[in-house]
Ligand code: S3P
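As C-alpha cells, one chain now follows by itself in the form predicted alone.
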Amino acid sequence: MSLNGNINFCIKPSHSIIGKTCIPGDKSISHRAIIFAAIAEGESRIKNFLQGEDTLATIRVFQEMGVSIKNNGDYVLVQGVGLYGLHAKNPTLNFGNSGTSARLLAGLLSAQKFSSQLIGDESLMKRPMIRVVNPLKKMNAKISCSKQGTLPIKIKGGQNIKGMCYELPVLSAQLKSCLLIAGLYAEGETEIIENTATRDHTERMLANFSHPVAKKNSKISIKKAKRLIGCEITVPGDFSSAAYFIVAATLASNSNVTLENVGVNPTRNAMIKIMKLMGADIELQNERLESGEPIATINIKSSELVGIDIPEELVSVAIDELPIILVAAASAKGTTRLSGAAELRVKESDRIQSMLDGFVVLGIKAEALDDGMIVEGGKFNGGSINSYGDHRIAMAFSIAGVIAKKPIIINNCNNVATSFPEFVETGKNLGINIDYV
C-alpha cells in the first residue's frame, strides 16, 4: 500500500495457474437478499454473503432505517420489519459507491411513508439515475434527481404507488428490479417488458420470500404483496469475480483451475459462451440449484484463443465481464470486435476509454468505438496503469500482468474492495504473482 493511502497492485509474470478455490458471494444476489429480508416478516439467514463495501453499504442503510441486522462474517441474520415497518430518523441515506443499492432502493423508498434523499460518494454522484426516476414518476412516485440526471435523488413519502406496463428502454437489470420492488407496493399489477433478457436474480429471490413473479415470453408481472416471509438464502459464488480467474487460467501456460460453487445463472454466464467461441477449455461440473439459483463447479485449462466478432446478443448478459474479456481478446490470435456495449461508458468509469488507455500503455493495438472496441491480439508489455478507481478495470489489467513481458503496476485499486476484497489473496493462492505496493 502506498504512503498516500491509495491501494496499488503489482503483478509480475506468473507461471502456471493451478489450484482449487471458492469464490466469494455474488454481489447482485447479496444486495437483493438483504433488501427482501429487511421487508419480510420474521427472521432470514443469509449464508456466503459478500463482505464487500457495496453490500455492506446496503446493510448499513437498512440498519439506519430500523432493521436489526447481525453480520458475523459467516452469515447475516436479518430480523425483518415487514413491508411497512421501515422508518428513517435521518432522511439522507448514503450509498457509498453502490449503484445497485441506490437504484433498487429508489423503488422501495418511493413507496414508504417517510421522505428520503439518496446520495453517494463522488463516483456514484456522477452515475445516471434518470433511468429509474422517470418510470417511478409514472407509478405516481414523487421523486426527482439533479438536472444532470444524477444523485441526489429526493423522494416524498406517503404516496399511493400505482402499477403500470413499462417497456425497458435500456438493458438494465437494476431498472427492472427497481420497478419490480416498487410493484410490491403498487395498486394493481406492474408489468415490465424486456425484449432482451437481463439478469433475473430479483425474480428468483422473490420466490424464496414467498412472492413469485410471473413471466411469459418477454413480459414480467408482479402483483401487490400482502407480505414477504423470511427464509434462509445461500448466496452462490459471484460469476463476475470468477471471470478473472477463468481468463487467468486460460491464458497462463499449463494451467488447471477449479472454481467451486459459482453461480452460473443463464442471464449472467454469457462470458463462458464468448470464451468458448474464442477457443477456451471451460467445463461446468456438478450443476445444481441452490436457493433458486443455478450453481456449478467450473474447471478451466490453458487454451490458445482466437479473435472473434462477439455476438451482440451476448453482450448485455456479459456487461460486467467485458473488461476481462477484452484482456483475453488482447492475447488472442487475430482481431476481436465488440459492439453494442455503450453501457460501458456509464459504469464506475468510462470502461471503453479506461481499457483503451491501458492497452496503449501495454503496447496492445486497439480502437475505441462509441459502443465497443476493436482489439488486435498481441503481447502485453509492462507498465503503469490507471484503473480510474474502477474495480473491474483494476482486476482486468491485473490478469494481463500474469502473461506480460514485465511487471504491471495498477494504480487506484481501492474500489476492488467494493466487489472482491479477497482478490489479491485468492490470486496468490492460485499461483498469481500479485501483491500490494
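We number the residues from 1 along the sequence you see. On a predicted model such as this, the values are computed, not experimentally measured, just so you know.
Below: the form predicted in complex with the ligand, not depicted.
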May I ask you to choose, among 349, 331, 174, 255, the residue with a heavy atom within 4.5 Å of the ligand in the model of the complex?
174
Heavy atom within 4.5 Å of the ligand in the model of the complex: which of 303, 265, 100, 94?
100
Candidate site 112, 211 and 223: all three near the ligand in the model of the complex by heavy atom within 4.5 Å:
no
Examine residue 28 and determine whether its closest non-hydrogen atom to the ligand in the model of the complex is within 4.5 angstroms.
yes
How about residue 131: is it within 4.5 Å of the ligand in the model of the complex, going by heavy atoms?
yes
Decide whether residue 322 counts as a contact residue for the ligand in the model of the complex under a heavy atom distance cut-off of 4.5 Å.
no
Would you point out which of 314-322, 211-219, 115-123, 146-154 contains residues with a non-hydrogen atom within 4.5 Å of the ligand in the model of the complex?
314-322
